[in-house]
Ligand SMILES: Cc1ncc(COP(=O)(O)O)c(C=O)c1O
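What follows is a single chain, given as C-alpha coordinates, in the form predicted alone.
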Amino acid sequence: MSTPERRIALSSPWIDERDEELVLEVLRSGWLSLGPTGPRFEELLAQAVDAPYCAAVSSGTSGLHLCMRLAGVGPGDEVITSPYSFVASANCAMYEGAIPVFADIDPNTYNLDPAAVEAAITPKTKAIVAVDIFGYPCELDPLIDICERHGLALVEDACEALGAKYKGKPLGSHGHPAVWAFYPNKQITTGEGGAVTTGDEEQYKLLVSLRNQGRLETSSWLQHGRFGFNYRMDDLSAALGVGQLEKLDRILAARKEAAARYSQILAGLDVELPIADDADHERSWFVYVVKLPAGVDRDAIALNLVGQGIACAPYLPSIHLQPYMREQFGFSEGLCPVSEDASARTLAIPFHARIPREDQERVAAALAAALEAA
(Lines give C-alpha, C1' and ligand atoms only; values in the text may rest on other atoms or scores of the structure.)
Protein backbone atom coordinates (compact mmCIF):
# COMPACT_ATOMS: atom_id res chain seq x y z
CA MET A 1 0.00 0.00 0.00
CA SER A 2 1.37 3.41 -0.95
CA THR A 3 1.95 5.99 1.77
CA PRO A 4 -0.26 9.10 1.50
CA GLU A 5 1.70 12.18 0.56
CA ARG A 6 2.35 14.79 3.22
CA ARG A 7 -0.33 17.49 3.39
CA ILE A 8 0.76 20.89 2.12
CA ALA A 9 -0.78 23.66 4.24
CA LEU A 10 -2.22 26.81 2.73
CA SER A 11 -0.08 29.03 4.95
CA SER A 12 2.38 28.83 7.82
CA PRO A 13 3.85 31.52 10.09
CA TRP A 14 7.59 31.93 10.56
CA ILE A 15 8.09 31.32 14.28
CA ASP A 16 11.60 30.80 15.63
CA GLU A 17 13.55 30.74 18.90
CA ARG A 18 13.77 34.53 19.08
CA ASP A 19 9.97 34.78 19.06
CA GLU A 20 9.74 32.16 21.79
CA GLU A 21 12.39 33.98 23.86
CA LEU A 22 10.53 37.29 23.70
CA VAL A 23 7.18 35.75 24.63
CA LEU A 24 8.81 33.87 27.50
CA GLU A 25 10.33 37.10 28.82
CA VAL A 26 6.85 38.63 29.05
CA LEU A 27 5.44 35.51 30.71
CA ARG A 28 8.17 35.61 33.32
CA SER A 29 7.79 39.34 33.88
CA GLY A 30 4.22 38.92 35.11
CA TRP A 31 3.22 42.00 33.09
CA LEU A 32 0.96 40.39 30.52
CA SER A 33 -1.03 43.40 29.37
CA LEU A 34 -0.56 47.17 29.21
CA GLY A 35 3.15 46.69 29.91
CA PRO A 36 6.20 48.04 28.10
CA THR A 37 6.15 45.53 25.24
CA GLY A 38 3.10 46.97 23.51
CA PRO A 39 4.68 50.41 23.02
CA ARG A 40 7.88 48.75 21.78
CA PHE A 41 5.90 46.84 19.14
CA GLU A 42 4.11 50.03 18.12
CA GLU A 43 7.42 51.86 17.77
CA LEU A 44 8.90 49.15 15.54
CA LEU A 45 5.80 48.93 13.36
CA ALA A 46 5.65 52.71 12.93
CA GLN A 47 9.28 52.63 11.83
CA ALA A 48 8.61 49.77 9.42
CA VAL A 49 5.87 51.68 7.57
CA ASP A 50 7.31 55.17 8.08
CA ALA A 51 4.27 56.38 10.01
CA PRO A 52 4.41 59.01 12.78
CA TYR A 53 1.88 57.25 15.02
CA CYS A 54 0.83 53.65 15.64
CA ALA A 55 -1.84 52.20 17.93
CA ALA A 56 -1.85 48.42 18.34
CA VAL A 57 -5.29 46.81 18.62
CA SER A 58 -6.83 43.38 19.05
CA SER A 59 -7.42 42.70 15.35
CA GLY A 60 -7.53 44.26 11.92
CA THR A 61 -11.31 44.23 12.19
CA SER A 62 -11.26 46.26 15.41
CA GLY A 63 -8.83 48.68 13.75
CA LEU A 64 -11.22 49.21 10.84
CA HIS A 65 -14.09 49.74 13.26
CA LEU A 66 -12.14 52.38 15.17
CA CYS A 67 -11.36 54.13 11.88
CA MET A 68 -15.08 54.43 11.23
CA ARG A 69 -15.26 56.29 14.55
CA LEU A 70 -12.38 58.53 13.48
CA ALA A 71 -14.27 59.31 10.28
CA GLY A 72 -17.48 60.18 12.16
CA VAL A 73 -19.44 57.47 10.35
CA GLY A 74 -22.91 56.97 11.77
CA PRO A 75 -26.40 55.59 11.08
CA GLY A 76 -27.61 56.23 7.54
CA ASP A 77 -24.19 57.19 6.19
CA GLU A 78 -22.77 55.34 3.20
CA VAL A 79 -19.25 53.93 3.07
CA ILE A 80 -17.84 52.85 -0.28
CA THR A 81 -15.59 49.81 -0.31
CA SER A 82 -14.51 46.83 -2.37
CA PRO A 83 -16.71 43.78 -2.83
CA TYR A 84 -13.61 41.65 -3.40
CA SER A 85 -12.20 41.51 0.12
CA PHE A 86 -12.62 39.96 3.53
CA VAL A 87 -15.99 40.86 5.06
CA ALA A 88 -14.44 43.14 7.71
CA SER A 89 -13.88 45.79 5.01
CA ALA A 90 -17.65 46.26 4.86
CA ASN A 91 -18.70 45.11 8.33
CA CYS A 92 -16.76 47.96 9.94
CA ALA A 93 -19.26 50.45 8.49
CA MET A 94 -22.23 48.33 9.53
CA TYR A 95 -21.01 48.31 13.15
CA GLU A 96 -21.78 52.03 13.20
CA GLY A 97 -25.17 51.68 11.50
CA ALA A 98 -23.84 52.80 8.12
CA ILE A 99 -24.60 51.25 4.74
CA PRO A 100 -21.85 49.53 2.74
CA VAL A 101 -21.75 50.58 -0.90
CA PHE A 102 -19.75 48.38 -3.24
CA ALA A 103 -17.81 49.77 -6.18
CA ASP A 104 -16.43 47.30 -8.70
CA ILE A 105 -12.77 46.37 -9.05
CA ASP A 106 -10.08 46.49 -11.69
CA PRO A 107 -9.85 43.06 -13.41
CA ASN A 108 -6.05 43.01 -13.24
CA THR A 109 -5.25 44.35 -9.77
CA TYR A 110 -8.49 43.24 -8.04
CA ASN A 111 -8.42 46.60 -6.24
CA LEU A 112 -11.10 49.30 -6.31
CA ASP A 113 -11.60 50.95 -9.71
CA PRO A 114 -11.45 54.72 -8.96
CA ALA A 115 -13.97 55.45 -11.73
CA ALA A 116 -16.44 53.04 -10.13
CA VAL A 117 -15.84 54.71 -6.75
CA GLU A 118 -16.55 58.14 -8.22
CA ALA A 119 -19.78 56.84 -9.78
CA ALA A 120 -20.93 55.38 -6.44
CA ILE A 121 -20.73 58.65 -4.49
CA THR A 122 -24.00 60.13 -3.24
CA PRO A 123 -24.85 62.93 -0.77
CA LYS A 124 -24.86 60.25 1.96
CA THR A 125 -21.29 59.08 1.30
CA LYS A 126 -19.08 59.62 4.32
CA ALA A 127 -15.95 57.57 3.73
CA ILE A 128 -14.08 55.20 1.46
CA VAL A 129 -12.44 52.01 2.72
CA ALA A 130 -9.80 51.17 0.12
CA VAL A 131 -8.31 47.67 0.22
CA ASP A 132 -4.79 46.67 -0.80
CA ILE A 133 -5.94 43.23 -1.81
CA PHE A 134 -3.46 40.36 -1.65
CA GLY A 135 -0.77 42.91 -0.74
CA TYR A 136 -1.00 44.87 -4.02
CA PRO A 137 -1.27 48.63 -3.37
CA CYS A 138 -4.56 50.27 -4.33
CA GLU A 139 -4.70 53.38 -6.53
CA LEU A 140 -4.02 55.77 -3.69
CA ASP A 141 -3.51 59.03 -5.60
CA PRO A 142 -6.82 58.89 -7.52
CA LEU A 143 -8.66 57.83 -4.37
CA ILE A 144 -7.08 60.60 -2.30
CA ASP A 145 -8.11 63.07 -5.00
CA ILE A 146 -11.70 61.78 -4.93
CA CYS A 147 -11.83 62.10 -1.15
CA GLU A 148 -10.44 65.64 -1.20
CA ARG A 149 -12.89 66.79 -3.89
CA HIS A 150 -15.93 65.30 -2.16
CA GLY A 151 -14.93 65.89 1.47
CA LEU A 152 -14.72 62.19 2.32
CA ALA A 153 -12.55 60.30 4.80
CA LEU A 154 -10.14 57.73 3.41
CA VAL A 155 -9.37 54.59 5.41
CA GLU A 156 -6.85 52.17 3.98
CA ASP A 157 -7.39 48.49 4.68
CA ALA A 158 -3.75 47.45 4.42
CA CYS A 159 -4.32 44.30 6.46
CA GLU A 160 -2.77 42.13 3.74
CA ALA A 161 -0.07 44.57 2.64
CA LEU A 162 2.59 45.10 5.30
CA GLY A 163 5.77 46.06 3.46
CA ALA A 164 4.12 47.15 0.20
CA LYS A 165 4.93 50.49 -1.44
CA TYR A 166 2.99 52.96 -3.57
CA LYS A 167 5.08 55.28 -5.74
CA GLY A 168 8.15 54.45 -3.70
CA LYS A 169 6.63 55.18 -0.28
CA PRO A 170 5.58 52.47 2.19
CA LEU A 171 1.87 51.98 2.67
CA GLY A 172 1.09 53.64 5.99
CA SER A 173 3.25 56.67 5.27
CA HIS A 174 0.70 58.67 3.24
CA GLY A 175 -0.96 60.40 6.21
CA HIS A 176 -4.43 58.86 6.30
CA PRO A 177 -5.28 55.99 8.68
CA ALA A 178 -4.04 52.58 7.56
CA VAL A 179 -5.10 49.35 9.22
CA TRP A 180 -2.93 46.27 9.64
CA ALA A 181 -3.71 42.69 10.68
CA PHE A 182 -1.47 40.00 12.12
CA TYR A 183 -3.48 36.79 11.91
CA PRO A 184 -1.16 33.75 11.44
CA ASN A 185 -1.52 33.76 7.63
CA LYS A 186 -0.27 37.34 7.29
CA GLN A 187 3.29 38.49 6.55
CA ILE A 188 3.91 38.72 10.31
CA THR A 189 1.77 37.38 13.10
CA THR A 190 0.90 38.23 16.69
CA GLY A 191 -1.54 35.30 16.88
CA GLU A 192 -4.51 37.61 16.76
CA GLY A 193 -3.93 41.33 16.63
CA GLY A 194 -3.79 44.42 14.46
CA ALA A 195 -2.79 48.06 14.41
CA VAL A 196 -3.76 51.45 13.03
CA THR A 197 -1.14 53.89 11.81
CA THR A 198 -1.81 57.55 11.07
CA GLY A 199 -0.06 60.82 10.45
CA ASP A 200 -2.45 62.75 12.69
CA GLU A 201 -1.65 63.13 16.40
CA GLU A 202 -5.26 63.84 17.40
CA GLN A 203 -6.45 60.70 15.59
CA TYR A 204 -3.76 58.72 17.40
CA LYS A 205 -4.84 60.02 20.82
CA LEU A 206 -8.45 59.15 20.05
CA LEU A 207 -7.46 55.65 18.93
CA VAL A 208 -5.52 55.07 22.16
CA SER A 209 -8.55 56.10 24.20
CA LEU A 210 -11.17 54.22 22.14
CA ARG A 211 -9.25 50.94 22.16
CA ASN A 212 -9.05 51.08 25.97
CA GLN A 213 -12.68 51.51 26.99
CA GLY A 214 -12.65 55.25 26.33
CA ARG A 215 -10.20 56.07 29.08
CA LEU A 216 -8.45 59.41 28.95
CA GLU A 217 -4.71 59.76 29.41
CA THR A 218 -5.27 61.59 32.68
CA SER A 219 -8.01 59.27 33.95
CA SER A 220 -7.72 56.65 36.65
CA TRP A 221 -8.39 53.04 35.64
CA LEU A 222 -12.13 53.25 36.36
CA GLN A 223 -12.78 56.71 34.93
CA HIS A 224 -13.93 56.87 31.32
CA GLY A 225 -14.05 60.02 29.22
CA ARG A 226 -15.96 58.57 26.27
CA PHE A 227 -17.73 55.44 25.05
CA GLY A 228 -15.02 53.03 23.99
CA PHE A 229 -14.15 49.40 23.37
CA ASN A 230 -11.93 46.62 24.66
CA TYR A 231 -9.71 46.55 21.58
CA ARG A 232 -6.32 46.43 23.29
CA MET A 233 -3.40 44.22 22.25
CA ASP A 234 -1.88 42.25 25.14
CA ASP A 235 1.87 42.16 25.80
CA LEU A 236 2.22 38.48 24.90
CA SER A 237 0.95 39.21 21.41
CA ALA A 238 3.10 42.31 21.20
CA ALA A 239 6.19 40.31 22.21
CA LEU A 240 5.60 37.90 19.34
CA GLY A 241 5.11 40.91 17.08
CA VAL A 242 8.46 42.40 18.15
CA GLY A 243 10.23 39.19 17.16
CA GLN A 244 8.39 39.12 13.85
CA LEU A 245 9.25 42.72 13.03
CA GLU A 246 12.91 42.08 13.81
CA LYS A 247 13.00 39.72 10.82
CA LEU A 248 10.44 41.51 8.64
CA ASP A 249 12.91 42.17 5.83
CA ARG A 250 13.85 38.48 5.69
CA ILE A 251 10.20 37.42 5.72
CA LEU A 252 9.28 39.80 2.90
CA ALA A 253 12.29 38.75 0.82
CA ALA A 254 11.51 35.06 1.30
CA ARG A 255 7.87 35.53 0.33
CA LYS A 256 8.90 37.48 -2.75
CA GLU A 257 11.32 34.72 -3.72
CA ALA A 258 8.66 32.04 -3.22
CA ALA A 259 6.23 34.01 -5.39
CA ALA A 260 8.83 34.34 -8.13
CA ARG A 261 9.37 30.57 -8.06
CA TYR A 262 5.65 29.98 -8.46
CA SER A 263 5.47 32.38 -11.39
CA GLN A 264 8.28 30.45 -13.05
CA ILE A 265 6.91 26.99 -12.28
CA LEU A 266 3.34 27.86 -13.30
CA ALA A 267 4.28 29.79 -16.43
CA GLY A 268 3.16 27.06 -18.83
CA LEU A 269 -0.26 26.44 -17.28
CA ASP A 270 -3.53 27.84 -18.58
CA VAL A 271 -4.05 30.09 -15.56
CA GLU A 272 -3.76 33.83 -15.04
CA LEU A 273 -0.92 34.63 -12.63
CA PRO A 274 -0.81 37.59 -10.21
CA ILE A 275 -0.08 40.94 -11.81
CA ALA A 276 3.58 41.99 -11.72
CA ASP A 277 4.87 45.08 -9.94
CA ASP A 278 5.28 48.29 -11.91
CA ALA A 279 6.85 51.71 -11.29
CA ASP A 280 4.03 52.75 -8.93
CA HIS A 281 3.15 49.48 -7.19
CA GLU A 282 5.40 47.21 -5.15
CA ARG A 283 3.50 44.27 -3.76
CA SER A 284 4.04 42.65 -0.39
CA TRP A 285 3.23 38.99 -0.96
CA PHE A 286 0.37 37.84 1.25
CA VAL A 287 -1.10 34.96 -0.76
CA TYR A 288 -0.49 33.51 -4.21
CA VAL A 289 -3.75 33.53 -6.16
CA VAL A 290 -4.30 32.23 -9.67
CA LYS A 291 -7.31 32.85 -11.89
CA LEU A 292 -8.62 29.80 -13.73
CA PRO A 293 -9.96 29.96 -17.31
CA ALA A 294 -13.58 30.99 -17.78
CA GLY A 295 -15.88 28.01 -17.76
CA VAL A 296 -13.64 25.83 -15.61
CA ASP A 297 -15.29 24.57 -12.42
CA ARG A 298 -13.06 26.19 -9.81
CA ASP A 299 -14.66 24.28 -6.96
CA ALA A 300 -14.01 20.96 -8.71
CA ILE A 301 -10.37 21.92 -9.19
CA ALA A 302 -10.12 22.80 -5.50
CA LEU A 303 -11.71 19.49 -4.48
CA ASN A 304 -9.20 17.66 -6.67
CA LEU A 305 -6.26 19.42 -5.01
CA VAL A 306 -7.58 18.85 -1.49
CA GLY A 307 -7.99 15.17 -2.30
CA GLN A 308 -4.26 15.06 -3.04
CA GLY A 309 -3.38 16.66 0.29
CA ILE A 310 -2.93 20.17 -1.11
CA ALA A 311 -4.78 22.92 0.75
CA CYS A 312 -6.37 25.70 -1.28
CA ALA A 313 -9.15 28.25 -0.87
CA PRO A 314 -11.58 30.22 -3.07
CA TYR A 315 -10.02 33.66 -2.54
CA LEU A 316 -12.25 35.62 -2.46
CA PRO A 317 -16.04 35.40 -2.43
CA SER A 318 -17.70 38.73 -3.26
CA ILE A 319 -18.91 40.32 -0.03
CA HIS A 320 -22.20 41.60 -1.46
CA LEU A 321 -23.24 38.03 -2.30
CA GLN A 322 -22.67 36.71 1.21
CA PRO A 323 -26.00 35.43 2.62
CA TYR A 324 -26.32 38.08 5.34
CA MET A 325 -25.62 40.87 2.85
CA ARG A 326 -28.26 39.60 0.44
CA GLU A 327 -30.75 39.32 3.29
CA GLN A 328 -30.13 42.72 4.86
CA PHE A 329 -29.59 44.88 1.77
CA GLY A 330 -31.05 42.90 -1.12
CA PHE A 331 -27.75 42.70 -3.01
CA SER A 332 -27.74 40.24 -5.90
CA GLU A 333 -25.72 39.07 -8.89
CA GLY A 334 -24.83 41.70 -11.44
CA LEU A 335 -24.03 44.50 -8.98
CA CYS A 336 -20.25 44.14 -9.41
CA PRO A 337 -19.63 41.90 -12.44
CA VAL A 338 -15.83 42.14 -12.40
CA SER A 339 -15.67 41.12 -8.76
CA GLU A 340 -18.20 38.35 -9.31
CA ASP A 341 -16.20 36.93 -12.21
CA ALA A 342 -13.02 36.96 -10.15
CA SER A 343 -14.80 35.33 -7.23
CA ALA A 344 -15.87 32.45 -9.45
CA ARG A 345 -12.39 31.85 -10.88
CA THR A 346 -9.68 32.77 -8.35
CA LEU A 347 -7.96 30.19 -6.19
CA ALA A 348 -5.33 30.61 -3.47
CA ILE A 349 -2.69 27.87 -3.45
CA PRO A 350 -0.21 27.00 -0.67
CA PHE A 351 2.12 29.91 0.02
CA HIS A 352 4.33 31.15 2.84
CA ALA A 353 7.84 32.46 3.45
CA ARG A 354 9.48 29.07 3.86
CA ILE A 355 7.53 26.92 1.40
CA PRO A 356 9.99 24.44 -0.19
CA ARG A 357 10.43 24.41 -3.95
CA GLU A 358 9.45 20.73 -4.03
CA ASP A 359 6.09 21.59 -2.47
CA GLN A 360 5.53 24.28 -5.08
CA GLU A 361 6.41 21.84 -7.85
CA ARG A 362 3.98 19.30 -6.43
CA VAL A 363 1.26 21.95 -6.29
CA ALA A 364 1.94 22.94 -9.89
CA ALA A 365 1.85 19.33 -11.10
CA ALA A 366 -1.41 18.65 -9.26
CA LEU A 367 -2.97 21.84 -10.61
CA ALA A 368 -1.89 20.96 -14.16
CA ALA A 369 -3.40 17.49 -13.82
CA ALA A 370 -6.62 18.88 -12.37
CA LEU A 371 -6.96 21.38 -15.21
CA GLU A 372 -6.32 18.60 -17.76
CA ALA A 373 -9.00 16.44 -16.13
CA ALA A 374 -11.43 19.35 -16.16
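Note that residue numbering follows the sequence shown and begins at 1. Since the structure is predicted, the reported quantities are computational estimates derived from the model, not experimental observations.
Another form exists, predicted in complex with the ligand; not displayed. Remarks below refer to it.
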Query raised in the report: Contact between residue 86 and the ligand in the predicted bound form at 4.5 Å, heavy atoms?
Result: yes
Report task. Using the partner position in the predicted bound form, report whether residue 55 sits within 4.5 Å of the ligand, counting heavy atoms only. Result -> no
Query raised in the report: Is there a heavy atom of residue 112 lying 4.5 Å or less from a heavy atom of the ligand in the predicted bound form?
Result: no
Query raised in the report: Hey, in the predicted bound form, does residue 160 get a heavy atom within 4.5 angstroms of the ligand?
Result: yes
Requested in this report: Could you tell me which stretch in 60-68, 26-34, 345-353, 328-336 has residues with non-hydrogen atoms within 4.5 Å of the ligand in the predicted bound form?
Outcome: 60-68
Query raised in the report: Tell me, which of 283, 255, 176, 186 has a heavy atom within 4.5 angstroms of the ligand in the predicted bound form?
Result: 186
Requested in this report: Would you mind picking the one in 138, 181, 233, 196 that has a heavy atom within 4.5 Å of the ligand in the predicted bound form?
Outcome: 181
